[in-house]
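The structure tokens that follow cover one protein chain in two forms, given apart as structure 1 and structure 2.
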Structure 1
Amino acid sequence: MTTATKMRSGSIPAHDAAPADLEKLASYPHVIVSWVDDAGYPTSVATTAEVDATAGRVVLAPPAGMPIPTDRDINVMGSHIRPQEGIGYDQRRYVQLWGRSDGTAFSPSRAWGWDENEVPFFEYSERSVPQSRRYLAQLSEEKGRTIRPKLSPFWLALRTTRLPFLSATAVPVLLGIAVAASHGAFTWWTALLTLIGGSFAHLAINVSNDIFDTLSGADDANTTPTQFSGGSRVAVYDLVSIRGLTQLSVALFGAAALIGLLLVAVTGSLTLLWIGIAGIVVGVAYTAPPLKLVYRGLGEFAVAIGFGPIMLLGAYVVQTGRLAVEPFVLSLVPGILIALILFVNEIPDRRSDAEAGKRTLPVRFSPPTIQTAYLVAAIVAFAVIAVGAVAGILPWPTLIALAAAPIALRVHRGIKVNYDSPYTLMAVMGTNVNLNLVVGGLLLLAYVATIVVTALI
């Protein structure tokens, strides 16, 4: 690759120069003119420019002692950046024009650039990923060895498995154990194994989802991933191969299955066996063919079942060996709230999901419908608590969880305001995750209080 070619490669695809590009150049008081000299070295000089966007010409002030060549392409660039002490930079933007000059007048033929007000920095970075991968592939070919980006083992494991999302497992499992304890059944080591086994299953599902989303092209098409959406992207960034992800997923599923079989052997419960099988089937079918539930708009329902009745009832059955109405009713609450986490997290991914044929609910329905659906589902979750307590199915202290309702309203308002802005929506997504944690925590405290009061009476 020649120096000129390297200089002309851009993160945003180049396009034919248009009047709008020249108008952008006119907004900069100074420009940099660059070219490759006769010895093959890049050369740059600062100057000023008068732009005639209508005529498609730029008149460059002749730089003193360094004439602009007329026998080769030159690059004219205007840029701006503002340093922010203790933060970094903002207001970043640039425009580059390529073409020929007659010594003063410059007629651009190609243009490209970036304006942070039009494309946020994180999206700009994601759009640069394909170019980065091509560069590393070419470098690997030149060096005769594979060159890939690297993370420390700890951060790579954290990112690959999406470990922080294990709160979605902890809430229903701990609630299932708490309900069983309130019924007089609790064994600490089987409770611990249940939490570990459920965590392994969750991590395995996370990894398998990344595999199928990468293979389908959904992750590659996504240029606006956030802290809460877009998957781990370790395969997109070439941090881990598909083969490596597959091996990890199989190992995690294997560990979850071994713990599940041990618990089945200890409890002697075939009900637990079927719950475990159902959990793995639903988790894999979430993105894996042929069902690909999330691609058919059924992802929220799969998550509601998996992280609601399956997780909570499974934890309850480990302790008691039987099913019951109370844990089933309670399981609807985390099931709905965790499904709402997925529901909101799909909003910034809806355009790339649509491109990849991933017909999630935010892809299928209009913003007002999605916003209303969130509010209705949240109301249903809190109604389950209220009705369950009034009907005597759930203990009265569980009504304390209704105190978290304002958080759901805050998320609903945030969705309406930030629906089309992935990076401001990210704070709303974080609040939505906290909603599940707060409700789950309050329900857990309610059951602890019920257990203590029962023991004292």
Structure 2
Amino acid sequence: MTTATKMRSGSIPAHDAAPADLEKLASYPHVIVSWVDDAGYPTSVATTAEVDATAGRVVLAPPAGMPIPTDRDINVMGSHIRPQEGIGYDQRRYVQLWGRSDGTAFSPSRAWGWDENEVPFFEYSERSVPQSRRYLAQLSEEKGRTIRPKLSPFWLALRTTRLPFLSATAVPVLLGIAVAASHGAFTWWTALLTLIGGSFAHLAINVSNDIFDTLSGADDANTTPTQFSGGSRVAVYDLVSIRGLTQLSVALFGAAALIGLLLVAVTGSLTLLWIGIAGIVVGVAYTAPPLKLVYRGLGEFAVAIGFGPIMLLGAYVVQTGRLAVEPFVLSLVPGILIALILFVNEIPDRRSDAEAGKRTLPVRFSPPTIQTAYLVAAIVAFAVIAVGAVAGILPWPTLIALAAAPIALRVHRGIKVNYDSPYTLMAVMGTNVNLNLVVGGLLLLAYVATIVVTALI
């Protein structure tokens, strides 16, 4: 049993020395013994150690000319790396113990260490973020000026808005435009404005999501974020203030609303106005109080509606000025697949989400239920395509999208195998993002083919 107390370094706390720490020390071929000498300087010497973990004693081979003191605490460390020629090194691990020597043996009382096989470097870094913030705050005080971490404007913008996730907007918007074009309605500049407006709305939601997840403590509590999960972390890292994020979010929502209103004015469609209002309400309610849909396990439904019917039907209505069954049925496909991106990305966050009261579906349900739910939802998405095409609602070339089904099976298998490993799950999350892109791309291809064939005959 170990207890964290005052002596800490980074985020891995020092603790009362336990037999396990001594066993670790015994695994190193030599140890480094350090103490503060009579001149007040630390000094160190390498030697060998005979460890009796059960008895809690270490017999150190006495170094010549440097008697190990018995009147003060000493530090005994084992450290290891594996050099990699032309690269650097890996397999970092060390353990250090503090205690007294009686002249014959060393009896440790405290211990601390790190093994990257036990705590991966990225997790160790994330656990240490509070230390970085404390240090920089103290440094700012000492220097009399604010010292904050920085990123170049390009990378900061990319990270803050989570720009690469825009593919989730591009798929439904382009499909909505494609369906409209297949119905004979296409204006290039309103199509372009729809894509830009939808992108602004998506980025605004990303940023507002970060604001509320930071304020709720969900992002702070998450020490295993990945490139797909855990938010942008720009506020957690103090790269951008909450105030800055709020201003950005309002600006992006404002830009999306302005473009939406322009499109309403151009098309004269009140239906589009209602779709736009619904989109903004769902987007804000996703994380903002009082609804906080994602905190109630309703995030997937909000995303399915937002990135399905709202985006795709909205894009369709911009071109045609009316609703129709075909784009609605088609919208269920990206709606489900993009909700599944969120669904899988929530898996590694489930512990920190639970701590912050964010009761997502992976927080609420067992791993087998989540794995089965993924499979069922993916089957439904592909069934919509198959049934839609057979029923004559969707053009038959859309059946080509069924070719992407094995990707969903791969994701399902990956979730099962990597459920408890955030970093190995990352590749699965990437494959899941690709599933939406591949299905969306194939559906788009099918509509282009339909338009071309219709034009030719």
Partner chain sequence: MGWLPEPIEQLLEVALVGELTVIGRDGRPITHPLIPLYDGDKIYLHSSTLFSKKLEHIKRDARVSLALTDPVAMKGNTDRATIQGTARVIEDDPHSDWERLILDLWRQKEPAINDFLKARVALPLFFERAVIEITPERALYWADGKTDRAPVETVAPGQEAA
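Rigid core (definition): largest C-alpha set, two forms, superposition within 1.5 Å. As the structure is a computational prediction, the values presented were derived from the model and not from experiment. Along the sequence of structure 1, residues get numbers from 1 upward.
- The chain appears twice here, and it is structure 2 that represents the form predicted in complex with the partner chain.
- Split into two rigid parts for the change between structure 1 and structure 2, the chain puts residue 28 and residue 166 in opposite parts.
- The chain behaves as two rigid units between structure 1 and structure 2, and the smaller unit swings by 9° against the larger after C-alpha superposition.
- Here the rigid core is superposed, and residue 72 then shows its C-alpha moved by 4.7 angstrom between structure 1 and structure 2.
- Lined up on the core, residue 32 has its CA atom moved by 2.9 Å between structure 1 and structure 2.
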